[in-house]
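So this first bit is one chain, no partners, the form predicted on its own, shown in structure tokens.
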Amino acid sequence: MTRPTTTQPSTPVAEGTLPARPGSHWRWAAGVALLAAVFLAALAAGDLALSPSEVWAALTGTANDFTQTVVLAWRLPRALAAVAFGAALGAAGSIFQTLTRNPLGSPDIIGFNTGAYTGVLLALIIIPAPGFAATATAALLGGLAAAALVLLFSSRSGVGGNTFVLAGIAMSAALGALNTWLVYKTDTATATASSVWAAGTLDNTRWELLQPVLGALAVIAVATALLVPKLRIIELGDDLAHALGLRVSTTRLLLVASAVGLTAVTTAAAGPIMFVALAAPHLARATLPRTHPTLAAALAGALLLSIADWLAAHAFAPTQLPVGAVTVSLGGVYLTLTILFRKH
């Protein structure tokens, strides 16, 4: 007679304490090295092509004044924005996909970006010639309002389920219809301005705009880093998380708030950059170690947006494309190949 066996729940392991597999350090190093190479390429490329030694001289303050102006004042803000915004979107996508247990859980899908576009459209219609602060504030409020409505509609089933994603898709569709109606009813100048913002671009990134944005992202990133270790406990299930003393609902709402905050600040500064939050976690799982999934998604997002921005600025020179158009193309190709060649 065979003795029945019982399965003991595994001990929850906080993110960052999983044993590293052989070769994982090399993959981290390769990812960081590739990001550094793309970052330096962004500083070197342009109408005035610079060598790596000239870029390094500008960064260390030993180049001539004109070269330092080109690198430090003109190109460095945009390159830094691509890294920071991509990392923020990648981390936000990883948190959403973990909480919803759905690979489609991202700000792109749940209506946040569409809500931000609604806010900008209303600002352009109501306020004559709004500046950056008014546009960014409107995008922030629109995105937060959309996220709050999705949370309200899915409150009965909670964030960790398909209802949250379905509510987000429904909200995105409804706001998309509203945006189309607003564009149709407004004048040509307003419709053009809103379309340019909705494409997502880093063309107008300057230090005076970037510095407060980086400060806000740094504060939210620190708060997110403190919350992320609890994600693995929530992954074990609500009952076990409660048994371990975790305040599941409060922790889940704080994680959602941090992911929304990362997305909101980025969207307010650069417009809705699609597919980075959705594709970065998938890219991280395929190429980087899984011991730190949120950090890996942040690295993948930074790399994805930096490459996309370089392509948008230089691949079709002298014509420059909105980086949002390139991220959609890269993300679409990657996900299509993933679906075609997946084994299971």
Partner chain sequence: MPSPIRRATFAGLAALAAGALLLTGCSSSAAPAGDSQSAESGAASGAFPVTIHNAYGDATIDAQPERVAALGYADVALASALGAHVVAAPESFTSVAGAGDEKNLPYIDPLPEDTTWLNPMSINVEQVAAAKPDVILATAGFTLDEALYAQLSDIAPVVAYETALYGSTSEESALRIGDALGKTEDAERLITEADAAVAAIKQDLPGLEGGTFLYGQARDGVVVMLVDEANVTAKFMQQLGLVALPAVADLGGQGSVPGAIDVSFEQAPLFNDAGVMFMTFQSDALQEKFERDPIVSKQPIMSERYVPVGLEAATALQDPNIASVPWLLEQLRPGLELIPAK
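Basically, rigid core = biggest C-alpha set you can superpose within 1.5 Å across the two forms. Note that the coordinates shown come from a computational prediction; the quantities given were computed from them, not determined experimentally. Residue numbers count along the first chain shown, from 1.
There is another form of the same protein, the form predicted together with the partner chain; it is not shown, and what comes next is about it.
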query: Candidate stretches 34-42, 274-282, 56-64, 287-295 - the one whose heavy atoms come within 4.5 Å of the partner chain in the predicted bound form; finding: 34-42
query: Answer option from 191, 217, 151, 210, heavy atom within 4.5 Å of the partner chain in the predicted bound form; finding: 191
query: Option touching the partner chain, based on a heavy atom within 4.5 Å in the predicted bound form, out of 155, 249, 180, 195; finding: 195
query: Distance check, residue 185 to the partner chain in the predicted bound form, heavy atom within 4.5 Å; finding: yes
query: Proximity of residue 205 to the partner chain in the predicted bound form, heavy atoms at 4.5 Å; finding: yes
query: Residue 79 within 4.5 Å of the partner chain in the predicted bound form, heavy atoms; finding: yes
query: Partner contact for residue 310 in the predicted bound form: the partner chain, 4.5 angstroms, heavy atom; finding: yes
query: Contact test, all of 46, 306 and 318, partner the partner chain in the predicted bound form, heavy atom 4.5 Å; finding: yes
query: Core fit, then residue 34 C-alpha moves 2 Å or more between the shown form and the other one; finding: no
query: Residue shift check between the shown form and the other one, rigid core fit, residue 55 Cα at least 2 Å; finding: yes
query: Threshold 2 Å Cα movement between the shown form and the other one for residue 67, core superposed; finding: yes
